[in-house]
Ligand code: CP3
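Shown here is one chain on its own, the form predicted on its own, set out as structure tokens.
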Amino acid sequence: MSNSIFIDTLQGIKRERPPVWFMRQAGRVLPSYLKLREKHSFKELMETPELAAEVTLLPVHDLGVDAAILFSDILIIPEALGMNLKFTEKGPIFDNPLREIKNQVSSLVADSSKLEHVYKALDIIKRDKPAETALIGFCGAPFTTFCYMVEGNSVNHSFSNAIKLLYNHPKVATEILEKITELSIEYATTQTKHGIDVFQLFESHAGLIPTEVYVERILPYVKRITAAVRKTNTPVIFFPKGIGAGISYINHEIADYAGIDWQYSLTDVRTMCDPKMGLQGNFDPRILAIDDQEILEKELEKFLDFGSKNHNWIFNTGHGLSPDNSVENVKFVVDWVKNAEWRRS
């Protein structure tokens, strides 16, 4: 047993409660983060190692979560492949999205130097973080990254251009996915060399295509990334948001833990998944915007039975925190998880 409840849980050691952290916890709801945003742009915070490290550790100090996740963005991979990315009030926008297939794939040339600021930030975080706090590295999964690269922005949540390219030009789509995967493997494995304790692969748009298509055409790329990370003895969490019943295809050969959104009950998901694989999630983050904490507590209590029986479960939301979530509610949840009676023997 270590002094980290998060790392112990990942290693299969039974602890008195589930660990707790949140996706998108480094920002969004934190007043300390919003104060930094008054002085610095998102891109500046992300690309300045000292600032990225500071933001990464804010939720550890402000909320008391058990793990810190690197403050960065999944679109750093397209940037390192030569695409020009701008962060605007309407979200990230690429100057030249890959909608027009002619000559686009050949222009994707990896420049690993554009990832160096992340590794420098990880070194600072590792040095400054509390010993009991686990450090999570991450990147976007190939299909989600592909969707943004083709669409050019996040305004069209159906990513219709990306889906059209996937079906109409499968060879081109494959070439793009290959380039994303190759650089993602380098990026992920280099993060392990800079001290991350666990790696999370974000597939935010797994539900955009039929499960059979995802399993046949996308999952092999996921397996290549997770296998490369696990070869470094770093555990992997894979979060395939929206995959629904397709979660049955995600097993311990792919990841140590699977992140679960809020569409299915954890009890049902547990029966559908490989019992060797742990679970993370699936609290609905939208509940964190409510005004009445008594209602919030009742929602939390629904997890007590599952958490008492399942020691390989990490408490988290089924997607990232959003600006309308109350920081008081988020802190309430962390304290509740830490102090609830989980009835673990």
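Note that the structure is a prediction, hence the values are computed from the model and not measured. All residue numbers are counted from 1 along the displayed sequence.
This protein has a second form, the form predicted together with this ligand, left out of what is shown; the following refers to that one.
Residue-level contacts in the predicted bound form: of 91, 210, 220, 170, one residue has a heavy atom within 4.5 Å of this ligand, and it is 91. Site annotation in the predicted bound form: the residue of 135, 166, 74, 237 reaching within 4.5 Å of this ligand with a heavy atom is 74. Residues placing heavy atoms within 4.5 Å of this ligand in the predicted bound form fall in a single listed stretch, namely 32-40, out of 280-288, 309-317, 32-40, 296-304. With a 4.5 Å cutoff on heavy atoms, residue 70 counts as touching this ligand in the predicted bound form. Interface membership of residue 204, defined by any non-hydrogen atom within 4.5 Å of this ligand in the predicted bound form, is confirmed. Contact check for residue 26: a non-hydrogen atom falls within 4.5 Å of this ligand in the predicted bound form. Among heavy atoms of residue 249, none comes within 4.5 Å of this ligand in the predicted bound form.
Taking this ligand as positioned in the predicted bound form, none of the residues of 223-261 brings a heavy atom within 4.5 Å of it.
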